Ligand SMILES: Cc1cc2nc3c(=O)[nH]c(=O)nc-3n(C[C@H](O)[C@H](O)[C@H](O)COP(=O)(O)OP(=O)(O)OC[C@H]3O[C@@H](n4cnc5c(N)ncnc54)[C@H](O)[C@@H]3O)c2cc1C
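We begin with a single chain expressed as structure tokens, specifically the form predicted on its own.
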């Protein structure tokens, strides 16, 4: 084992320290960390985490707060992680990928976590071991998997991962495809047509395609005013659709004769079924659409690692115990983030962060022989319908009737008002929220 695993986390962490670090709301929402010294009982257990993104990094950090002595190892394939949060901003030219790129150095040094950069190739749940491509084996007492998403290219005739990596980027994992899609938008001919085709539910970041559509329309308004964006959607509604559509009306002439953006619902033939790459044409239930730029965001399922390890059910996602995030298929294994079936909770970075905190508490308590407490989950999502026009959604969740459901009247979407300052303020909140959120995860 690494020497890092033998170090003791000797910093005393109080509730006041946590509030200084993350703000009162973050600590309160987790419902986890009191000041009692009993929360830091000795433990010789080893917890292995597969995936060092938002879910995995948050879990490692908050497990360390809950247990000073537990051994923690993160196995992550890549030395750097690019957040999908605000990756649409890169397409809009508001940020660079470097500003969204993080590593695990702080998690490693500050919280005494053993970080292994390697690819997991298998696991033996009976022997409680994980194997990596470099030939190493890691034994665990608890295994936490945060595997992200995978794309169902097979749902679209003529579309595949190779096309997505070249001329038809989905750009729904931040990285080179993000830059490629921005380049295509900037180089689109005057008066041309662009298509964005969102996926069917459930999928990562439900407002993401519509924020992206907004940025396309905003760019066209400034630089290509005779161009048009068509959103071909398999759904009848989408997250935050009321404030988004109002913003489109105000900013981009939605539903007018000179609209820069058009939204086609599933009942109107919006579902894309085929791509003809040679002619840049998409076939939908309602007919064919030819465009200069085509951005198909594929339907999704649990990440490849979750599939490989046998953590998915017939739905393609991972069923979990709502009180702990423990897999319903394999005991002592926990699934966080987008891959998990979390009922009313959206597949978002904030959800993964919240689930990781609940899971950290559950794992720490289980290792100490304590009973699980009723969890409290939360989600907050700020989106932009323009650089200075924000919309948001938020909710607190509880386990009720065996499902994760909104608690009371906590759920809400941005109210549509005539107050011109409201969406401007929401855009400011979005930018500030993101800065604090990534600190909570990676610092």
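It should be emphasised that the depicted structure is a prediction, and the values quoted were computed from it without experimental measurement. Residue numbers count along the first chain shown, from 1.
Just so you know, the form predicted in complex with the ligand exists too; it's not on screen, but the next bit is about it.
Spell out, yes or no, whether the shortest heavy atom distance between residue 271 and the ligand in the predicted bound form is within 4.5 Å.
No, residue 271 is distant from the partner.
Counting only non-hydrogen atoms and a 4.5 angstroms cut-off, does residue 150 reach the ligand in the predicted bound form?
No, no contact at 4.5 Å.
Quick check on residue 53: any heavy atom within 4.5 Å of the ligand in the predicted bound form?
Within the cut-off, so yes.
Would residue 214 show up as a contact with the ligand in the predicted bound form if we use heavy atoms at 4.5 Å?
Output for residue 214 is no: heavy atoms all beyond 4.5 Å of the ligand.
For the chain shown here without its partner, which stretch in 370 to 378, 55 to 63, 392 to 400, 410 to 418 has non-hydrogen atoms within 4.5 angstroms of the ligand in the predicted bound form?
Heavy atoms within 4.5 Å of the ligand in the predicted bound form occur in 55 to 63.
Within 4.5 Å of the ligand in the predicted bound form, heavy atoms considered, which of 262, 285, 332, 118?
Contact with the ligand in the predicted bound form is made by 118 alone.
Pick from 361, 347, 71, 301: which has a non-hydrogen atom within 4.5 Å of the ligand in the predicted bound form?
It is 347.
For the stretch 363 to 399, which residues lie within 4.5 Å of the ligand in the predicted bound form by non-hydrogen atom distance?
Only 382 sits within 4.5 Å of the partner.
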